[in-house]
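The form predicted alone is given below as one chain in structure tokens.
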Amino acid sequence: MFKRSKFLWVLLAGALLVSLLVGCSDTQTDSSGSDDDSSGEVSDNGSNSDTIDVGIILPTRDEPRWVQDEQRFRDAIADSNYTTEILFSQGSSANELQNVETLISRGIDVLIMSPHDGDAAGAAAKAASLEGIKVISYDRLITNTDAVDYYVTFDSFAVGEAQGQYLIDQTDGEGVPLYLYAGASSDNNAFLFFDGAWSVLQPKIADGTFVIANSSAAEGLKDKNELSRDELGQILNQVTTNWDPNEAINKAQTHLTSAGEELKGDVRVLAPNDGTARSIADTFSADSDITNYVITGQDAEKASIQYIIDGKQSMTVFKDVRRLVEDAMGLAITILDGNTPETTGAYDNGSIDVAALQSEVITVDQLNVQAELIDSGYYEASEFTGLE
């Protein structure tokens, strides 16, 4: 009898211990499925709150740009009385929707979202809108839905124009091979960037200054300056990097392998952003038949600024994300204060014209990298080598 009672007592004690251990191990799980509180950290002047005012969804932690944005958003709201929570979707629309549902449950009044996939993000935006939450599309446009209230962006068409114009300005003669690359076809910005570049490059393709080296679709449309969405899609499907540096390497290697001697030598390369530009530049520089290349970029990533200083990347389009973050958070605070934000334009997202607040872009190369990025305080000179 004593042994039986003792056995039952041990079982009860063990069950209580397990219960305590389970309670102690309850941690927050981020959108990528790992136990990591950092992706859902709350910023509210040092204190935590049961409810959140502004929810922010960023597409991935795997690109420096978005990690930098995370801290900038925290800094932008630090002096206010409002709270924010920032989540990353890690390149998954399913995670994106789950993140939005999590933020809705936290009682947000404003959602700022940079979508992984513009079309797929419509469902997440709709879920927020149905709860009376104002939706701000950040940097990338949420498409084909009426559930978007505002769009905070750089002039994406102007980004492409700047890239294309730089290639033109660095080119003499005719018959210069032109390699075209683009971002992900799931990202509306990729269309805008390419469309802007095409608008200035096409006349120089038509007059023989450039010869398209790697896209039969672009070659077939070379006499047409204004392209439809479907026509842009035909080209993007052939030259997309999906914003992936590894995919950019594979594409560039394939194109160089198939290119004849007449498509090598001194070439020009339209690369959509800095991550892919570095990969493509490394691939082209490794080909002994490429004697010189001029290549574009975008985002002014630290690694690409060093490439520009070293002469391995020609330029980048500097979009001062400090300004963009300030615009987005300022717009959110205006809404929370009960006021109507001011806007400077509108973008057709396929369903409605979304009121937009736009920021300017700046072309940066070796000639002005010091003035635009160091003297302005965006980077410290000590972060680079070779600066004069």
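Each residue number is its position in the shown sequence, starting from 1. For clarity, every value in this text was computed on a predicted model and none was experimentally measured.
Not pictured, yet referred to below: the form predicted together with a small molecule.
Interface residue among 189, 92, 279, 304 relative to the small molecule in the model of the complex, by the heavy atom within 4.5 Å criterion: 189.
Residue-level contacts in the model of the complex: of 195, 85, 299, 117, one residue has a heavy atom within 4.5 Å of the small molecule, and it is 299.
Contact with the small molecule in the model of the complex, judged as any non-hydrogen atom within 4.5 angstroms, is confined among 252-260, 169-177, 93-101, 291-299 to 291-299.
Residue contact with the small molecule in the model of the complex: residue 63 places a heavy atom within 4.5 Å of it. The small molecule in the model of the complex is not approached by residue 284, whose heavy atoms all lie more than 4.5 angstroms from it.
Using a 4.5 angstroms threshold between heavy atoms, residue 273 counts as touching the small molecule in the model of the complex. Shown alone here, residue 243 lies within 4.5 Å of the small molecule in the model of the complex, counting heavy atoms only.
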